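The form predicted on its own is given below as one chain in structure tokens.
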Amino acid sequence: MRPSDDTRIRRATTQDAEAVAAILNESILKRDATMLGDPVSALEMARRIGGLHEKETILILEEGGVVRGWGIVRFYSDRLGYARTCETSVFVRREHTGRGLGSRIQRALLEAARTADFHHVVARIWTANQRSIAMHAKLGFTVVGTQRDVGYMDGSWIDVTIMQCLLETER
């Protein structure tokens, strides 16, 4: 099933905090895509949305007016030398994965990163999440390495694959 014709992507507002938190909490509870341990509240997510730097953004994917997924562009590091490097993350409601929504969000995030004058985009993906790795590769990301046993969740070590995408920007 493909995305419907009434799908749109827009910037998040604090009004989206409850939906964004609910989608993130699906991954937190599933323990397969984020190193966050405890679910986040809508209030905490509203603080995060409201506290973004002007170059950072959270994008919402709506289908028929319902939030189905979201993604974020955020600074990779606060160190000066990384000022043009960002990191992206994408989350889609579990019952809507496999429909191309994550790819649509990631494409929009790449455009937002380019507009914000980022040059280097990093994605950190659980190595077991081969669907996400394949989706990122399809969009121009390349694997630059795997961090073995970098995370520890619920008594198990987690490997994380690092992918990068270099944007066409002035150098």
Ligand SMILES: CC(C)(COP(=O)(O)OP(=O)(O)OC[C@H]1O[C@@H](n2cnc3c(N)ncnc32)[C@H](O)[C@@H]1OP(=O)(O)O)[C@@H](O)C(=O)NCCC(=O)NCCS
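Numbering starts at 1 and follows the sequence shown. All figures in this text were calculated on a predicted structure; none of them were measured in a lab.
There is another form of the same protein, the form predicted in complex with the named molecule; it is not shown, and what comes next is about it.
Contact with the named molecule, judged by heavy atoms within 4.5 Å in the predicted bound form, is confined among 128-136, 45-53, 142-150, 111-119 to 128-136. Proximity to the named molecule in the predicted bound form holds for none of 11, 13 and 20, with the criterion being a heavy atom within 4.5 Å. Contact check for residue 27: a heavy atom falls within 4.5 Å of the named molecule in the predicted bound form. The closest non-hydrogen atom of residue 97 lies within 4.5 Å of the named molecule in the predicted bound form. Taking the partner from elsewhere, residue 92 is found to have a heavy atom lying within 4.5 Å of the named molecule in the predicted bound form.
Within this chain, residue 33 lines the site of the named molecule in the predicted bound form, having a heavy atom no more than 4.5 Å away. Residues 102, 103 of 102-121 are found to place at least one heavy atom within 4.5 Å of the named molecule in the predicted bound form.
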